[in-house]
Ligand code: IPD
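A single chain comes next, written as structure tokens; it is the form predicted on its own.
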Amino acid sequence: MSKPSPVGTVMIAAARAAGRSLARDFGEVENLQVSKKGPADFVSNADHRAEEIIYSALAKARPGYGFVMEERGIVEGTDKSNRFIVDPLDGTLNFLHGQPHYAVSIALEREGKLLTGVVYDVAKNEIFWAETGRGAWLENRKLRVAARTRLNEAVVATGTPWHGKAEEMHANFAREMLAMTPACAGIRRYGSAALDLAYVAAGRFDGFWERDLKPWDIAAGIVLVREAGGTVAEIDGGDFMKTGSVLAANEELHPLIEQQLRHAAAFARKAD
């Protein structure tokens, strides 16, 4: 069994502390569902509280490190080599509707490379963590991506463009679904990219693709998948930390999923 590094231990503790705050607020959200006002404002406050807990804990433990945070934005540090990438509540829409599937996601980037990732599944009380060279772990159990090699036996996760996105993004997603649905055993949409990637690392999903995500949605999960033996790449060959378009799977399934997504893109070009 591997143990996290000192900075990994700090990140895990910060994720757990933020998760405890979210769990308390989640109980209140369930009650607010029946109110006329609704829970939206409350959830925003819950998000900010969790982020403040993480920021305070990490800034105290590693003064000088920079931050990229969903709510606070970019916080420049005196240490230009290290920065934390933080999503205090991934799966906000689930949280908003009282659905117990949401996560805290924290990654450490060093010299522009993702080094450490922590994803905390709050409702299930599961800590997924990984560090480059130390493997990927669920608590003290080592993780490995699923070994399936046939796409028609694979369950693949994805995320849909949300309300307000450009019409073309929704049309592109529809084409990708049309290409993927008959090719694989099943498609799942659970609403948390961080957990989707963690579940790929744990072998619960065989693959995952989604476009237009933010760095804090995917950074920690990417470390998990890589350290669990999986392959992560930008869907169209670019830099996923810039485009937010990511495809993750084992080495055998990755090109098969990529091929189906390329079929969807080719269909779109023909239609034009």
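Everything numeric in this text was worked out from a predicted model, so none of it was measured. Note that residue numbering follows the sequence shown and begins at 1.
What comes next is about the form predicted together with ligand IPD, which does not appear here.
Partner proximity in the predicted complex, defined as non-hydrogen atoms within 4.5 angstroms of ligand IPD, places exactly one of 141-149, 76-84, 190-198, 176-184 at the interface: 190-198. Of the listed positions (130, 122, 89, 108), a single one reaches within 4.5 angstroms of ligand IPD by any non-hydrogen atom in the predicted complex, namely 89. Ligand IPD is not shown here, and in the predicted complex it never comes within 4.5 Å of any heavy atom of residue 227. Contact annotation: residue 98 falls outside 4.5 Å of ligand IPD in the predicted complex, judged by heavy atom distances.
In the predicted complex, ligand IPD sits within 4.5 Å of a heavy atom belonging to residue 159. Heavy atoms of residue 51 never reach within 4.5 Å of ligand IPD in the predicted complex, leaving it off the interface.
The putative spot formed by 23, 25 and 126 is not touched by ligand IPD in the predicted complex; no residue has a non-hydrogen atom within 4.5 angstroms of it. Contacts of stretch 213-228 with ligand IPD in the predicted complex, defined by any heavy atom lying within 4.5 Å, are made by 213, 217, listed in sequence order.
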